[in-house]
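Consider the single chain below, provided in structure tokens and representing the form predicted on its own.
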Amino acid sequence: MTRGQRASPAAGQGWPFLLPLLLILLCVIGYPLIRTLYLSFTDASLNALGIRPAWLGWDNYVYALTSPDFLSSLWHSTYFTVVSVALEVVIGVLVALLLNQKFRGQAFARALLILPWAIPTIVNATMWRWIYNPEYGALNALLTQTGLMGDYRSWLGSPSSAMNMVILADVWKNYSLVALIALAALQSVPDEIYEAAALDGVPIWTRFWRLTLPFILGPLSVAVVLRTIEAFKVFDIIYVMTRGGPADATKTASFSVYQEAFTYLQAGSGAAYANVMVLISALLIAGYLLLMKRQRAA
């Protein structure tokens, strides 16, 4: 009998210790999912909690997938996700490359890197609302005093700029997470490779593309997928900064779920909205697992 065969019975002995945790997860996660799935097929309303909801079948899902309001919010979520994650990756990698160099105060700079990510999202959103304030905001003061802009502007009051301003606030908070992951991956790159490339006269861009990127691509891919899932579900920064306005310009899918269920009190259609988001998130997670499988195989 091999060592692996002898170890397998002992491995099975751990299940009794995991059972309480699995039961807790089943209650905390499983029941709400099943309940939400059931409600999505009914006309449940928070105005009629004591009345048994009527069965509607797929009507709520048809309504969700044909609703211009919900489809628009899905587009806003997609735009927010693509732009914010792209900027976070570019800025995060550039900052990681900078902090990977040796310079005086390097340790202090690395410690400061985690500060934006450590700030709670609600605090970050409130801080940026003050920065964007149309009357006394720091951004307007900076741009007018430097001559880049003539008059103060309501950054969050204009449909053409509100979403981009929210994205900027989100990027400032979350680029540091990508930078930390990329910086940790850069520590595994042997210095001898760069020294040999420098002696051979390899250009800096070629060194990054052919030497650095392959080393950090795995961890960077994980960061991209995790940030994509989080960005697509964005709610808190939208709620604090714009409440989905102006004119629904920043109304994301998560905010539509909140509004349908808790403002309009339509629990059934709100549950259908939520399940559509769960399905999209599940597809993103499946893509993440497939990516991890391919990386392990490589």
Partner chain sequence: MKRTPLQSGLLYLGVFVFAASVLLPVAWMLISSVMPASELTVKPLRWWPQHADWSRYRLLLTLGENTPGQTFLYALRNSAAVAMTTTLLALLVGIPAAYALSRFPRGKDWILSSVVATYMLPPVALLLPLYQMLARLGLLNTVWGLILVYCCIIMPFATWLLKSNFDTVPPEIEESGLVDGLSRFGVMTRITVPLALPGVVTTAIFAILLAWDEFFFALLFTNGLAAKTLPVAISDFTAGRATDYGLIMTAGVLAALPPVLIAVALQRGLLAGLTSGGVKG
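From a predicted model like this one, the values you see are computed outputs, not experimental measurements. Numbering follows the first chain given and starts at 1.
Although not depicted, the form predicted together with the partner chain is the subject of the following passage.
- Comment: 222-230 is the region of 208-216, 158-166, 222-230, 70-78 lying near the partner chain in the model of the complex, near meaning a non-hydrogen atom within 4.5 Å.
- Interface residue remark: residue 180 is counted as part of the site for the partner chain in the model of the complex, having a heavy atom within 4.5 Å.
- Although the partner is absent here, residue 200 sits far enough away that none of its heavy atoms falls within 4.5 Å of the partner chain in the model of the complex.
- Taking non-hydrogen atoms only, residue 33 approaches the partner chain to within 4.5 angstroms in the model of the complex.
- The closest heavy atom approach of residue 236 to the partner chain in the model of the complex falls within 4.5 Å.
- Across the proposed site, 17, 99 and 278 without exception bring a heavy atom within 4.5 Å of the partner chain in the model of the complex.
- Contact annotation: of the candidates 149, 82, 109, 90, the single residue with a non-hydrogen atom within 4.5 angstroms of the partner chain in the model of the complex is 109.
- Looking at 108-123, the residues that come within 4.5 Å of the partner chain in the model of the complex, counting any heavy atom, are 109, 110, 111, 112, 113, 114, 115, 116, 117, 118, 119, 120, 121, 122, 123.
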